[in-house]
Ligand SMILES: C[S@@+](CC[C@H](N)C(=O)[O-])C[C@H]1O[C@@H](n2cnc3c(N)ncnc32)[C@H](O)[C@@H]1O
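Next up: a single chain in structure tokens, the form predicted on its own.
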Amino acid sequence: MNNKITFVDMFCGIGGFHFAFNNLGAKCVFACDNNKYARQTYEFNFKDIEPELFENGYFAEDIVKVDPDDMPDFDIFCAGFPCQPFSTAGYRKGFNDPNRGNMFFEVLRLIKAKRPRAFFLENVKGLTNHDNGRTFHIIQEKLTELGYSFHYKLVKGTDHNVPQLRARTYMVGFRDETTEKSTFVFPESEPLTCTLSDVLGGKCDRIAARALMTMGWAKRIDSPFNWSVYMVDGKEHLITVDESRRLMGFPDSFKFPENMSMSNRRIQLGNAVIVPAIQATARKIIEYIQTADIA
């Protein structure tokens, strides 16, 4: 891959987008997140890979305060903007959530100002039908008004050989082209050769895990809200943080700071993106930029 491709990592969390794009030779030139624990984990993993982020003030805390003039130019805008306002697991306030629902408009503000060659946004599967589809229509309308094509797809971890049924809405667009004339296509699904039994180290009663969440850890196995306890070799097994890391597709090199609590580790993983799934689409975006000559 062309290592001159650059990207920004907004609402970066613990760095799922960063790992995915870095694996493809792309360079992160700006990142942002307001969670102090996620920021610690992010810097712990990337300070040696991209020291300029932390030495040159390119690791922002509050997207609302980010001045686009202070950001380097870049090719791809990446953001897993807050999903709780649109999630079926929350109150679904959407754009009416005063603290998180308006974060899409901050994304829009920066894309409008910087005019990157492409954007790659991620959110919960419920985004497409929130408020009877009106929320998603606004997102699509606002981005296309800026002169970008708009493509979306519901993607699961199991689509890219990660045994977790975590479905997310991916949104991709390219500058100065219409959706109708765009030839971009999302990657095809891959066979699931890694099963939950492989991750948990024993015979499991399920092929794939339920979606990891930030709360409700260690519910009873017969609870409808259980996502963390499985039958393995005939016994109840509570997935560990390291097993959760593998179920999110993070590399073995990924580490948490030693003083990070187990609760914070679980929350951060529950808020993360699935790296191999992100990487598959990221590869297609980079290839499209290069072959379609997105200036």
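From 1 onward, residues are counted along the sequence shown. Here the structure is a predicted model, which is why all the values come from computation and not from measurement.
The form predicted together with the ligand is left out here; the points below concern that form.
Q: Counting any non-hydrogen atom inside 4.5 Å, which residue from Ser263, Asn226, Thr240, Asn34 sits next to the ligand in the predicted bound form?
A: Of the candidates Ser263, Asn226, Thr240, Asn34, Asn34 is the one lying within 4.5 Å of the ligand in the predicted bound form.
Q: Check each of Glu52, Asp70, Asp233, Glu61 and return the one that places a heavy atom within 4.5 angstroms of the ligand in the predicted bound form.
A: Checking each option against the ligand in the predicted bound form, the one that comes within 4.5 Å is Glu61.
Q: Is Gly13 close to the ligand in the predicted bound form, meaning a heavy atom pair under 4.5 Å apart or at it?
A: The answer is yes: Gly13 has a heavy atom within 4.5 Å of the ligand.
Q: Quick one: does Pro82 come within 4.5 Å of the ligand in the predicted bound form, counting heavy atoms only?
A: Output for Pro82 is yes: heavy atoms within 4.5 Å of the ligand.
Q: Does the ligand get within 4.5 angstroms of any non-hydrogen atom of Asn271 in the predicted bound form?
A: Yes - in the predicted bound form, heavy atoms of Asn271 and the ligand come within 4.5 Å of each other.
Q: Considering non-hydrogen atoms and a 4.5 Å limit, does the ligand approach Leu200 in the predicted bound form?
A: No, no contact at 4.5 Å.
Q: Enumerate the residues of 102 to 133 that have a non-hydrogen atom within 4.5 Å of the ligand in the predicted bound form, in sequence order, or give none.
A: Stretch hits: a single one, Met103.
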